[in-house]
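To begin, one chain is listed below as structure tokens, in the form predicted alone.
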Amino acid sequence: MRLVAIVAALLAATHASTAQNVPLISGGAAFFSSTNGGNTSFLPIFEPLIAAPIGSHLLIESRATIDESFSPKSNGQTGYNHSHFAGVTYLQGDFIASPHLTVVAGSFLVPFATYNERLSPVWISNFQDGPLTASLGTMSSGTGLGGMVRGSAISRPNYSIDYTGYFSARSGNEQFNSKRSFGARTNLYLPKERLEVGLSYGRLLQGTQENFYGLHVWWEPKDAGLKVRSEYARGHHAQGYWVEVDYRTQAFGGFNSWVGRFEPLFRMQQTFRRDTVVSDGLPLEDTQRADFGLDYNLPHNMRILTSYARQFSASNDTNVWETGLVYRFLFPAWKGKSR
């Protein structure tokens, strides 16, 4: 994960001034509401994350999820159904062997395409809902249990190439559920153009064995306030894509002006069935969905998320209205000691 590289850089920068590496506690808390087809649900959620360096080469990191879900009762009943969930999303150890190699062991996020690793945390996502294709290539649970290697293969002023490869064992553990699989991803990044193109591959090795293929393109032009992100994923039973665009203007005093804090969003996505076998978490019919959002970035790491989506399929067309308030936190576990 990019968190590994960030923490590694912080360790190198602060090594001369501190006598110990202080764990960082981060994460997000949110309250979401969603109205789908006239039914409104509520979801308070808390996602803490810890990154604990041990020396200059070892990092322990973990993220957990705690949420309460309230949804309307069906069959004409009044009131709400309530469910509770608490669990560890992942727990891994990272050994930073060199700038070109990091060895990971434990429960990790499956590195297929970009959404699962980079955009799924509640404090990063622009929309409440993940894309329809989020489960393709991530082996449904989104996590693996085993080992992974990753790092920079080539780094030049005009381009860089990084790689990731993993193997996951089968696990039925309630907290660390995973499927037997392996996969790899490689990314090409052009710093001047601020363009990234990546290819992903995954193979499920248990049950009905399947291959998954992915392509992602990210473009964030310098000083433009524009971000374009996209993915395409293909499995044995379904395929699909999503394209997301968000923009913040600097024309009225910069990003921190009251106008610059507005962030209009648009996401287009489609899924296509190749057969009706249920194994990938995608809709059972060809589906199109357009999401229109308007987020507002408040001071002190708070965001207001609002969106409207129209989803089309052969059996049903629905409107989805969503609102949410998200808070991001980051602080050291304790004060570091100076040399």
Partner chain sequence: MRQQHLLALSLALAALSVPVLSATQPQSQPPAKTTTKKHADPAPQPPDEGERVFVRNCSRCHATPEGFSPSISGTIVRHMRVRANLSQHDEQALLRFLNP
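Here the structure is a predicted model, which means the values were calculated and not measured. Residue numbers count along the first chain shown, from 1.
The following text describes the form predicted together with the partner chain, which does not appear among the structures shown.
**Request:** Counting only non-hydrogen atoms, choose the one of 90 to 98, 68 to 76, 203 to 211, 132 to 140 that falls within 4.5 Å of the partner chain in the predicted bound form.
**Result:** Heavy atoms within 4.5 Å of the partner chain in the predicted bound form occur in 90 to 98.
**Prompt:** Quick check: do 178, 182 and 327 each get a heavy atom within 4.5 Å of the partner chain in the predicted bound form?
**Reply:** No.
**Prompt:** Can you check whether residue 57 is within 4.5 Å of the partner chain in the predicted bound form, heavy atom basis?
**Reply:** Result yes; residue 57 sits at the interface with the partner chain in the predicted bound form.
**Request:** Determine whether any heavy atom of residue 254 comes within 4.5 Å of a heavy atom of the partner chain in the predicted bound form, and answer yes or no.
**Result:** Yes, residue 254 sits close enough to the partner chain in the predicted bound form that at least one of its heavy atoms falls within 4.5 Å.
**Request:** Evaluate residue 250 for contact with the partner chain in the predicted bound form, applying a 4.5 angstroms cut-off between non-hydrogen atoms, and reply yes or no.
**Result:** Output for residue 250 is yes: heavy atoms within 4.5 Å of the partner chain.
**Prompt:** Just to confirm, residue 150 within 4.5 Å of the partner chain in the predicted bound form by heavy atoms?
**Reply:** Yes, residue 150 lies within 4.5 Å of the partner chain in the predicted bound form.
**Asked** So which of 189, 80, 232, 167 gets a non-hydrogen atom within 4.5 Å of the partner chain in the predicted bound form?
**Response** Selected option: 189.
**Message:** Do any residues of 119 to 142 have a non-hydrogen atom within 4.5 angstroms of the partner chain in the predicted bound form? If so, which ones, in sequence order?
**Reply:** Counting only heavy atoms within 4.5 Å of the partner chain in the predicted bound form, the contacting residues of 119 to 142 are 119, 124.
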